[in-house]
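Just the one chain here, the form predicted on its own, laid out as structure tokens.
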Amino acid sequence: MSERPRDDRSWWLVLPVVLAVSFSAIVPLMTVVNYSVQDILSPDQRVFVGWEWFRKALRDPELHAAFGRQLGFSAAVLLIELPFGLGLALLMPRRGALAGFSMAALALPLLVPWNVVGTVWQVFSRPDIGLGGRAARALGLDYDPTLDPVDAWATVLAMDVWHWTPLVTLLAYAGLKAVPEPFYRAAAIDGASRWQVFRHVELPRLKSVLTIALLLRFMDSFMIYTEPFVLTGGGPGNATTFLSQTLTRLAVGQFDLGPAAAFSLIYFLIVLATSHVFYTALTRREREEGR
């Protein structure tokens, strides 16, 4: 039987995507790489400095502090949103009109633009006119995110949980809907408890979905900028100044394009390497179980 000839014409269908990605991602990335090894004195005058800006970025205590705040925020986001989103997905009805209504209501925060989210929570948390601020004061809490770093952190974290937990919930809900009904019937025949059904039937089927949710939420939380900038402006002091805000201040505020380019590359590599570690660690066990 003769072998079927190979047809590579289908690659031409991918060519527009490759060109679009090259224009929107690769070309700007190479420009940043070019800036990271030069000192930009003027539009027409540049001096090659090699690795100088990378060494400066790695030794900058302000960047170290921003990196620590960023790690703490991302860790808190993952520890809260993943279990909370999964719990909401388990409580949602699987059939009927109520299921569609609950999904639509849950997705509403995802439709709000990022800058509007910051503005809404800025008004909501104000002690004088905001519902959240006035409620906290009515409970006897000395709440003011513009003056207290702890209050500012709690407000930014609550804002992110409100905005992005629905994404985790919808992903987990889709995974639960994909569990075959015979699995539940077999568990009921065996007399399995609700915890046993979750542990041995639902959770194994949700590993891939939860891995995607974890990676999406880590990458997004690690690059957060608009919401805390609008809500707190990075304050009080530098309490909510994360890596992205520090980078923007360096590039736009101080116009240090060389150090900003070097720092942005380090930032990109941190996100890429951490996401790869997470993905490898979370999928290794699944691959081992599939052998």
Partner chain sequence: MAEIELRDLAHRYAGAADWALRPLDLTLADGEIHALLGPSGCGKTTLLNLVSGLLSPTRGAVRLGDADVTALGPRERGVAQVFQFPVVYETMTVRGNLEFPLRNRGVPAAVRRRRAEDVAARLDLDALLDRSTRGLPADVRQRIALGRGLVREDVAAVLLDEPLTAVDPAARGALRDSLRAAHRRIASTLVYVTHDQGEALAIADRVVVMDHGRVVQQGTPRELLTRPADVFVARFLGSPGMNLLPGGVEAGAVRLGGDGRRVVGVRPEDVRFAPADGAEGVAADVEEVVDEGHRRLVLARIGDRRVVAAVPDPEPAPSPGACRVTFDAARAVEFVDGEAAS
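Numbering follows the first chain given and starts at 1. Given the structure is predicted, the values throughout are model-derived calculations rather than measurements.
Keep in mind that the form predicted in complex with its partner chain is not shown, yet the notes after this line are about it.
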192, 110, 78, 103 - the one with a heavy atom within 4.5 Å of its partner chain in the predicted complex: 192
Counting any non-hydrogen atom inside 4.5 Å, which residue from 214, 161, 187, 171 sits next to its partner chain in the predicted complex? 187
Only one of 201-209, 111-119, 84-92, 151-159 gets a heavy atom within 4.5 Å of its partner chain in the predicted complex; which is it? 201-209
Any non-hydrogen atom of residue 146 within 4.5 angstroms of its partner chain in the predicted complex: no
May I ask you to state whether residue 140 is within 4.5 Å of its partner chain in the predicted complex, using heavy atom distances? no
Does the 4.5 Å heavy atom contact test between residue 180 and its partner chain in the predicted complex come out positive? yes
